[in-house]
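Before any questions on binding or motion, here is one chain by itself as structure tokens, the form predicted on its own.
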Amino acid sequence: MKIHRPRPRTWFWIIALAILAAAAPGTLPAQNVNASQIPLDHLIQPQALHRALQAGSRPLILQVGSRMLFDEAHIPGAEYAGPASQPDGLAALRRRVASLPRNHPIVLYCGCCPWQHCPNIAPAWLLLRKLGFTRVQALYLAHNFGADWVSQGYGSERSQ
């Protein structure tokens, strides 16, 4: 007898829905989600984002990690949205996007640490999906912002 096992993407949605169902309004339990749960078709590679920016595409780019890292270096034109692993950071993210149309293109990134250990990107992505945003992408930074963006020559700026 062949046993049917759900596909990995199915498991993602089962887990994501369980997390969302258990979450209090306006918060998500950051300790229960990780970046590897974001579907591949919702990721954007650094080179692809760089090319899009060079071509004039301007999605809203939100850094959802440490303020110190953002101040030190961030993608030109990016906005700081707060650490999404913290309730205050998720609240700030919610406020920032409140007035946007749900089909507005948004790119989230953190870059604090290796992708699989990032505490910020998945809670931010899940919150925006829960709020109904349909064009949310997470910038895949395998190692960190410095190694995967800055050292590749894609450009950065410091906070004033």
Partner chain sequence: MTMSFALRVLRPLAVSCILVPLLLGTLRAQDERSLLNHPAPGFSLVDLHGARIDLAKDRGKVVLLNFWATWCAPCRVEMPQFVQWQQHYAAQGFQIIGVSIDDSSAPVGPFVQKMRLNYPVLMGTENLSGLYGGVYGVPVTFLIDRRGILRARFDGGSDTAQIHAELLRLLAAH
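Numbering follows the first chain given and starts at 1. Everything quoted here is computed from the prediction, not taken from an experiment.
Only in words, not in the display: the form predicted together with its partner chain, which the text now covers.
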In the model of the complex, does Gly111 come within 4.5 Å of its partner chain, counting heavy atoms only? yes
Classify Gln37 as contacting or not contacting its partner chain in the model of the complex by the rule of any non-hydrogen atom within 4.5 angstroms, answering yes or no. no
Distance check, Ala78 to its partner chain in the model of the complex, heavy atom within 4.5 Å: no
Are any of the heavy atoms in Gln45 no more than 4.5 Å from a heavy atom of its partner chain in the model of the complex? no
Stretch in contact in the model of the complex with its partner chain, which is absent here, among 63-71, 37-45, 94-102, 122-130 (heavy atoms within 4.5 Å): 63-71
Residues within stretch 124-160 having a non-hydrogen atom within 4.5 Å of its partner chain in the model of the complex: Asn144, Phe145, Gly146, Val150, Ser151, Gly153, Ser156, Arg158
